[in-house]
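Read the single chain below, which is given as structure tokens and is the form predicted on its own.
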Amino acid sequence: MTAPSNPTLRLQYRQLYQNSLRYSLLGTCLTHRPALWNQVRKSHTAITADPVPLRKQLKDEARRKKAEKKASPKSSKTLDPRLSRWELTVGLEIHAELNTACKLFSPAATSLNAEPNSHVALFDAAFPGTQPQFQKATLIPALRAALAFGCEVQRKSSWDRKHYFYQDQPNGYQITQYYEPFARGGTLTLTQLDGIETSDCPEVTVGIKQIQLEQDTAKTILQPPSTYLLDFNRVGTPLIEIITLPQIHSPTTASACVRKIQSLLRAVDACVVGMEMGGLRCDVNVSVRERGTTAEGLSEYAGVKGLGTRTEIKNLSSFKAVENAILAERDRQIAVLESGGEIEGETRGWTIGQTETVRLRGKEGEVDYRYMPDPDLGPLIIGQDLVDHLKDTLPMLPDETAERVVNEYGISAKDARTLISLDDGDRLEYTEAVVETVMQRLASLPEKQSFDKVGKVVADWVLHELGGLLTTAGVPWETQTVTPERLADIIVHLQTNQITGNTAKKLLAHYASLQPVAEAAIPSVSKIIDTSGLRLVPLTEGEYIEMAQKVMAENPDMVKAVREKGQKGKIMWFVGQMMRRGEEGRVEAEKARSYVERLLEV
């Protein structure tokens, strides 16, 4: 037996089915368990006296589960009772490849996917007798990065040799700026919208100790089981190393910090290759101390006192790796300390899938690296006029852009940050192009149009409608086929009441599903609307009222629920019924709702 299609009959059918189950249970109780009869009779009386609709039961259950989820901790790691005793402290060292055409100390071109060992100058290969030649152009993106973090640019900085012997460093040393970096100070502020840990809200400020220029090393490629190939294209690529103060106390906040640093570097065009492509790598310094202990006998770093013995985890290449590696090392150190052991200062490694870090070597210090001034390079002198020019021409930073988008478009801060972060800012540029086109076309119409909510409407369509279609289809943004002009056409037709919202979504889905072809071969929005009979022919006031009255007459229980019980949420149920019964595209939801509310007198 199948349930009828009419909503009223379906409700009656469901109640009849539920009653049949109850009466079957009652018969069993009367025959076999007389003592249970009174209890079941009372529950049955209560149910039949005021039946609860299934829809309300489902909603109540969903609310209950949502409340339980909200009340429960986000993850099992917050349940660890040891965290009430031990405090985690993290400092970051982020190495970012600068967006430059040449290497730091040679004119050889930088490259990402070029043939191995095809961009190597003699100095890069440590050819005897060759000397470094500082390439001035590499300084520009480094300065933009320093200004983005609010650092104080040093008029004079110097170069140091950091000695170590490894296959990826042909000179046997790395040229860096350990003692006199080109930038000091600076801060980075993180908020809840950046994804910091809830306990760190509303915001966290992380200090920047220094930013220094240095060389990258060769790329090592393993050919199993034991052969290593070296690509010297990366040797000498300009890097900046951003060293934060140890002021982070959560793995989640540390990951959010790295993410925001990457977004800042991209915003000022200092680093265009992100973590996913190897253009940004992170080392984390992790220490644990017992809460409430004094600074006496503990470590100190850059003025931050009371630190436990730190270990360094090298070469983390994703945001998730940063979070998981810190979590694993934190738990390892707590376990060692609680068992009566001591933490050794050492360098450790972590790979995806591991639950614990592994020892690589003892922690090197200044003596081990045998730092010395580089005798082949003079000091780096930076003029104040250059700093002022770069400061005046610095692009808008992500936080400033988000504030502008919120104010101009009236969207939420969360949606604004999503627009900015997606596709390296391409999504925001697309949105602004659509907004500009919509405004121009609305202004050209003879009827006076409202421009108040254009930005919000466009942003919602780009983020949620178009973004949802692409996500479902697995189509990357750079290959999507809906041009800004075409989406603007759809929105203009919608804003001028020529089509319904449902029709607009179908048109967008149609264009999003097209394969890349010549623009002239794609029919216009207006043509599809006319040839498919999608243009809106609005109902008259009388037709809206007649349809609403008919739906109400067929569903007196629903009318009673709204009028007598104040269940205003059911108003949209009436609207849905009207839209199903009306011809495709003729019933407008907002108008239908207004007439329903008028007839129900709410």
Partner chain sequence: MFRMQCFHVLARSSTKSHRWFSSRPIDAEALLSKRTWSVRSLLPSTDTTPDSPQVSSEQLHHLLRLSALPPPKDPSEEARMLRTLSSQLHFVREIQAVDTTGVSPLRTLRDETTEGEQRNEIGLAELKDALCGEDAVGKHHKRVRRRRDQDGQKTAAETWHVLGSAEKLIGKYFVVEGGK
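Since we're looking at a predicted model, the values are computed, not measured. Residue numbers count along the first chain shown, from 1. In this text, the rigid core denotes the largest set of C-alpha atoms whose superposition between the two forms falls within 1.5 Å.
The same protein also exists as the form predicted in complex with the partner chain; that form is not shown, yet it is the one meant from here on.
*Asks:* Could you tell me which one of S118, T205, T481, T293 places a heavy atom within 4.5 Å of the partner chain in the predicted complex?
*Replies:* Among S118, T205, T481, T293, a heavy atom within 4.5 Å of the partner chain in the predicted complex occurs only for S118.
*Asks:* Just to be sure I understand the contacts: of L264, L428, L147, A328, which is the one whose heavy atoms reach within 4.5 angstroms of the partner chain in the predicted complex?
*Replies:* Looking at L264, L428, L147, A328 one by one, just L428 meets the 4.5 Å heavy-atom criterion.
*Asks:* Please determine, with the chain shown alone, which of 299-307, 374-382, 334-342, 280-288 has non-hydrogen atoms within 4.5 Å of the partner chain in the predicted complex.
*Replies:* So the stretch in question is 374-382.
*Asks:* Quick one: is D269 in contact with the partner chain in the predicted complex, heavy atoms, 4.5 Å cut-off?
*Replies:* Yes, D269 lies within 4.5 Å of the partner chain in the predicted complex.
*Asks:* Might N171 be said to contact the partner chain in the predicted complex, defining contact as any heavy atom within 4.5 Å?
*Replies:* Taking the distances in the predicted complex, the answer for N171 is no, it never comes within 4.5 Å of the partner chain.
*Asks:* Is P395 close to the partner chain in the predicted complex, meaning a heavy atom pair under 4.5 Å apart or at it?
*Replies:* Close contact exists here: in the predicted complex, P395 approaches the partner chain to within 4.5 Å, heavy atoms only.
*Asks:* Does T100 reach the partner chain in the predicted complex, with heavy atoms at most 4.5 Å apart?
*Replies:* Answer yes; at least one heavy atom of T100 falls within 4.5 Å of the partner chain in the predicted complex.
*Asks:* So, a 4.5 angstroms cut-off on heavy atom distances: do all three of F134, L229 and R370 pass it with respect to the partner chain in the predicted complex?
*Replies:* Every residue of the spot touches the partner chain in the predicted complex.
*Asks:* Could you list which residues of 147-173 come within 4.5 Å of the partner chain in the predicted complex, counting heavy atoms only?
*Replies:* Going through 147-173 in order - heavy atoms within 4.5 Å of the partner chain in the predicted complex - the hits are R155, K156, S158, F165, Q167.
*Asks:* State yes or no: after fitting on the rigid core, is the Cα displacement of T227 between this form and the one not shown at least 2 Å?
*Replies:* Yes, because once the rigid core is superposed, the C-alpha of T227 moves 2 Å or more between this form and the one not shown.
*Asks:* Does E436 show a Cα shift reaching 2 Å between this form and the one not shown after rigid-core superposition?
*Replies:* Shift of 2 Å or more: yes.
*Asks:* Aligning on the rigid core, do we see the C-alpha of W477 shift 2 angstroms or more between this form and the one not shown?
*Replies:* Yes; that C-alpha moves by at least 2 Å between this form and the one not shown.
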